[in-house]
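First comes one chain, alone, set out as structure tokens in the form predicted alone.
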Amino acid sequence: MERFQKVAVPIAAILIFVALWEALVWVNGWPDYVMASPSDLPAAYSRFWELFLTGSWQTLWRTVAGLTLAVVAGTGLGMIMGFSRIARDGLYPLLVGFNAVPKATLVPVLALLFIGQHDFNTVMMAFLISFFPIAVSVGIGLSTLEPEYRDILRSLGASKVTIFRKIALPKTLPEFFGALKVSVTLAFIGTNLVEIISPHGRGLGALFLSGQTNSNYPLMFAVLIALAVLGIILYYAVVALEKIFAGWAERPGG
């Protein structure tokens, strides 16, 4: 019953959203060049299905590559901040300041620094926009580790590596996966910022720009839905990993 609920409730929520969207367009009498409705989208997917497949793959692999870099760099930086008070005090202001900079302003900077390196620029933007939550969550998780556990293990002769593997790492996993769920959506935002602001004819962002240039609003909305679907797929991939590595932290009946 619980498994059925976990599948049925999200599907029901999506169907309700689609019905409300369709009703909103119908009630207001908006034509498709003002606001596309869900019933307008199948034609767009049917006509441009090859472009959707190609663009989705291009956007997805760049997003996953940037997110992977964010996990590696964010975890490493979080470990440094978690185990060193000096590093934490010095790096937090820098991280907060960098995260406060609108990432759309960084797209032209990357384009000028790495001219013609479109894949690299896109991956880098996905990385830059998504590593902050991971670094902060890991840093906070490790810095709040109860000192009693460390003292007991040290008295038993445990090394720092053992303490990290046996105590610190399991304690940090719930915060890490919580941050990773946020970073998934941020990585998609970073990828599409480059595809739209610094167009290079690749990814779903390029397809969105094509629809905008040709005033094909059903195509534009179809791209947005495709991005949402990719985000949901990647989000639930993270949820599956969380159940494998940190399923013990899930509250029963939550």
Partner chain sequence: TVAGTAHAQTDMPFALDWKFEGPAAPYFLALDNGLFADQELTVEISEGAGSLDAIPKVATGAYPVGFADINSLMRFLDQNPGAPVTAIMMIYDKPPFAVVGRKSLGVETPADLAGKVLGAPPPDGAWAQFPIFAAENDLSMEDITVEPVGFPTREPMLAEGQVASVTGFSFSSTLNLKRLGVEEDDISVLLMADHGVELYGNAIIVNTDFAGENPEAVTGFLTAIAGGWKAAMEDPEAAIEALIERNPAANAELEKERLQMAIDDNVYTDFVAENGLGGIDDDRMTAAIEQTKSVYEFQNEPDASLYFSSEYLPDADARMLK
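Keep in mind it's a predicted model, so treat the numbers as computed, not measured. Numbering follows the first chain given and starts at 1.
In what follows, reference is made to the form predicted together with the partner chain, a form of this protein that is not presented.
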Picking from 77, 128, 71, 111, the single residue whose non-hydrogen atoms come within 4.5 angstroms of the partner chain in the predicted complex is 111
Contact flag, residue 56 vs the partner chain in the predicted complex, heavy atom cut 4.5 Å: no
Heavy atom of residue 37 within 4.5 Å of the partner chain in the predicted complex: no
Should residue 33 be counted as a contact of the partner chain in the predicted complex, where contact means heavy atoms within 4.5 Å? yes
Give a yes or no for residue 213: in the predicted complex, does one of its heavy atoms lie within 4.5 Å of a heavy atom belonging to the partner chain? yes
Though the partner is not shown here, which residues of 217 to 245 have a heavy atom within 4.5 Å of the partner chain in the predicted complex? 217
